[in-house]
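Quick setup: one chain, the form predicted alone, written in structure tokens, and binding and motion questions come after.
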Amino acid sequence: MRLELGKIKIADVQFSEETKVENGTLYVNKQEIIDLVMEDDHIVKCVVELARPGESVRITPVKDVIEPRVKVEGPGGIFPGMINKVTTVGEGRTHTLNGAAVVTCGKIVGFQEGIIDMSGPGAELTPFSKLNNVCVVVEPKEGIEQHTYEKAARMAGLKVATYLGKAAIDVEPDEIVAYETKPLLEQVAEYPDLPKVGYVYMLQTQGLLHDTYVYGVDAKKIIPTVLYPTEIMDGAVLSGNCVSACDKNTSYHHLNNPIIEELYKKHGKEINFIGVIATNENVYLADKERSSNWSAKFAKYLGLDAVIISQEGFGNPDTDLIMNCKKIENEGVKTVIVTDEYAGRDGASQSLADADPKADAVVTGGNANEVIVLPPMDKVIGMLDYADKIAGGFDGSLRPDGSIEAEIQVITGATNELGFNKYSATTY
């Protein structure tokens, strides 16, 4: 499959009577977004606000972040199985509003939504402080169940991102980048002397509100499968989970997966990037065994020499991570795992809940238990009511002056396990 991403650079976002992209500015009709969101009768109120880099703005509780995109050429449409029909994507051309995002937030669904600060020390720990954000704050109808509210909020974000993406359909991109992965035998034959490398993509699927979607299917219902990397870049994998904000993969992360980007950069030069094995993270031991067995089977079947394995979440998924690592290594395939750590506020505790001697090549996104003080902001988009309750917060986290003392676990993307962050750690 060959996919072209037409990147349209967005340097500012403004409200306007017409939604359009002009001279690097995304102009947004607020009322049209509200009307679109309010089509769902599970939502009783929608507020749309803008947040730009450097502003004294705090967005919380954050549910998802989505990059606006539109399919320009090729089969299918953006966000297949959710917004558009279930057509295989990953070919043709897709335009992306590079530098803009839709951020959904509102009353808490679980307890693991997050915070995005647009300035200050918290802004340094989240990539989303660098974006021009269209924030969609949704208030659910009284009494609806959490999973119903999560779906309403998730679909609101995807609909708004689709609406904004259409503004770029006829805009000339500032940059066009092409990515290509050929059918397996062709791909192997093209670079026979380079090591064959794959990517095992672990998706969070551990129970209610821990959902990731592949072509609209909750990934807890799938067995591991093989995807072209370009399918992921074209919206085949989307977030629907409410897990700790620091290492949650938002939809933006899936669309802009940096591991896939880096593998493509080295493709044909240092490695032969064969493809992606998408797998899930499970609750029951039998399911963990099944999925890790299949991941190892695919790694061998594809003839891989090495794989990168990325995790989502922490604690229980550490077992899935180590199972994947150990079993793939047992097939003679070298592994590198990408994770983060929960090593206590002093960094002295065991970083992962599971371990194995074969997991000897590790990249970490940092220690999520590290404590930070987020200063008060001039403006809050959403609400601060839940600062003491979200994962990483504690009784008294929200101070009277509006500042927040909490673990960096509360910051969306702070220790992301795709490496989409600034933190890491080294051994000496």
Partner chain sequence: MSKYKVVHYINQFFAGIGGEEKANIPPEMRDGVVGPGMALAAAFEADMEIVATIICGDSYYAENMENAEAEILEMVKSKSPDMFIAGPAFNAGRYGTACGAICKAVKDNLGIPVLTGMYVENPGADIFKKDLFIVETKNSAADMRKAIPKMAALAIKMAKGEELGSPSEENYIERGVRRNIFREKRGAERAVEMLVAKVNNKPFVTEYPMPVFDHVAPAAALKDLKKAKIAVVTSGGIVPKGNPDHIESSSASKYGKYDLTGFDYLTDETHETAHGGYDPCYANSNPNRVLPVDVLRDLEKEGVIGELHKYFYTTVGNGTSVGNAVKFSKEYAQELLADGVDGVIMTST
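Positions refer to the first chain, counted from 1. Just so you know, these numbers come straight off a predicted model, no measurement behind them.
What follows is about the form predicted together with the partner chain, which we do not show.
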Query raised in the report: Just one stretch in 133-141, 329-337, 67-75, 184-192 has heavy atoms within 4.5 Å of the partner chain in the model of the complex, so which one is it?
Result: 329-337
**Report entry** 4.5 Å heavy atom contact, residue 27 and the partner chain in the model of the complex
**Finding:** no
Query raised in the report: Do residue 404 and the partner chain come within 4.5 Å of each other in the model of the complex, heavy atoms counted?
Result: no
Query raised in the report: Taking the shortest heavy atom distance, is residue 85 within 4.5 Å of the partner chain in the model of the complex?
Result: no
Requested in this report: Classify residue 344 as contacting or not contacting the partner chain in the model of the complex by the rule of any non-hydrogen atom within 4.5 angstroms, answering yes or no.
Outcome: yes
Report summary line: Exactly one of 52, 399, 42, 389 comes within 4.5 Å of the partner chain in the model of the complex through a heavy atom, and that residue is 389
Query - Contact test, all of 159, 219 and 291, partner the partner chain in the model of the complex, heavy atom 4.5 Å - result: no
Query raised in the report: For 113-129: residues with a non-hydrogen atom within 4.5 angstroms of the partner chain in the model of the complex?
Result: 124, 125
